[in-house]
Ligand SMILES: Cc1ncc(COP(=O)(O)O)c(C=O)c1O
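Before any questions on binding or motion, here is one chain by itself as structure tokens, the form predicted alone.
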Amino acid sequence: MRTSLPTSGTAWPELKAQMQQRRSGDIDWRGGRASVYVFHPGDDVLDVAHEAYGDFISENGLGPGAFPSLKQMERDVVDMALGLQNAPEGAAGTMTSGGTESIVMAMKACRDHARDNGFTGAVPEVVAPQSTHPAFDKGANLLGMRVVRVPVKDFVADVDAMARAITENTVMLVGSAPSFPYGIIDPIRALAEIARERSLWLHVDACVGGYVAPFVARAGFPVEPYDFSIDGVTSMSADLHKYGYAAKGASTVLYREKARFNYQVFRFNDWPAGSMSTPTLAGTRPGGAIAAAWAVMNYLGEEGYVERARRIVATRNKLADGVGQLGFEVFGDPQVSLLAFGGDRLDIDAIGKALYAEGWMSSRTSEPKGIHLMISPEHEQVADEYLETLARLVAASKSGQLSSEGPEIGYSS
């Protein structure tokens, strides 16, 4: 039955109570039960983001002339992002609503740049590892492009196989830092070498890692190079609302050269209201998202991010050791904040569904079957409890007490 607009309004206290009741079945992410969708840095950071967003909830990033405050805050955020990714002078970028929009914008810029520089093929192609995020396929669907997915080797991009997949229609190569399924950084240096040799655009998808990997490195842990310090990296995507701990939705798309960024911008003047220029897919852009990102980055500073990166790595190492002792195999050598694990000797489906039934929300991998964790700073509080729960469920699975029947956990609505 369709919900109708009420005839009369309802007082806010009653509405708020209704909303709290409706969320009673939501995952307890504040209690550390979610390892996907939410990146909990601590209540103090949430309060900063919440207040900053609320202060600019009505302002519109579409109108920098009307809201120079937003223009300056976005410029500051992008400058900080470029600095973190070791971009050279002359680099440029913008904020977007999320990783998908950042990726689509980079693909659009690449396509248009290719057309202006001699590409005559019917369908521009993107060569990417099989572990690449589906946002590239969504972008290809929107932009009249095609993604050529290449099987991975040891959980990372198979550079030789990707080189063999390049044709006269190829305009872009993709590497992830890290890939979403496995949490491992692709060999970006090797991909960049191919990109330089073939005059191809290389996009590094650092949506997950862009605002945690630099601080993991600064905390003294090894991180495979992935950013603009590598000659040949053309553009990058990095999500502020993941490990930048900003309010949703906020991401950044960054370019080595402003001339490449200019291909992202949409300009139009053939209508009765004058010229219009927008740097992103969206026209109206919520001022709250820009303000919250600016506030959180300045509130935490480098020290705040490094401290949280240390907690993430410590928790990741504890979990990796713990699942190894339970008979799981950690996939590859994760260096930042993701951890995926599985094993042929255990019923991953049954264990994953049992975890979900007990209130632990995580995503899963299918090739190979595994459990996938995106670790936040606050997960350090529940790591021991998680391992104890997992140990109990492993024992139950081995004794045949668990069933793989039940709902699948996915990303569709």
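Because the structure is a prediction, the values reported are computed rather than measured. Note that residue numbering follows the sequence shown and begins at 1.
Below: the form predicted together with the named molecule, not depicted.
Proximity of residue 239 to the named molecule in the predicted bound form falls within the 4.5 Å heavy atom cutoff.
Not displayed here, the named molecule is kept clear of residue 304 by more than 4.5 Å at the level of heavy atoms in the predicted bound form. Shown alone here, residue 225 lies farther than 4.5 Å from the named molecule in the predicted bound form, counting heavy atoms only. Within 4.5 Å of some heavy atom of the named molecule in the predicted bound form lies at least one heavy atom of residue 207.
This chain is displayed alone, yet in the predicted bound form one of 260, 75, 133, 146 has a heavy atom within 4.5 Å of the named molecule; that residue is 133. Proximity to the named molecule in the predicted bound form, defined as a heavy atom within 4.5 Å, singles out one entry of 99, 139, 286, 334, which is 99. Heavy atoms within 4.5 Å of the named molecule in the predicted bound form belong, among the stretches 310 to 318, 176 to 184, 287 to 295, 112 to 120, to residues of 176 to 184. Within 4.5 angstroms of the named molecule in the predicted bound form, the stretch 47 to 66 places no non-hydrogen atom at all.
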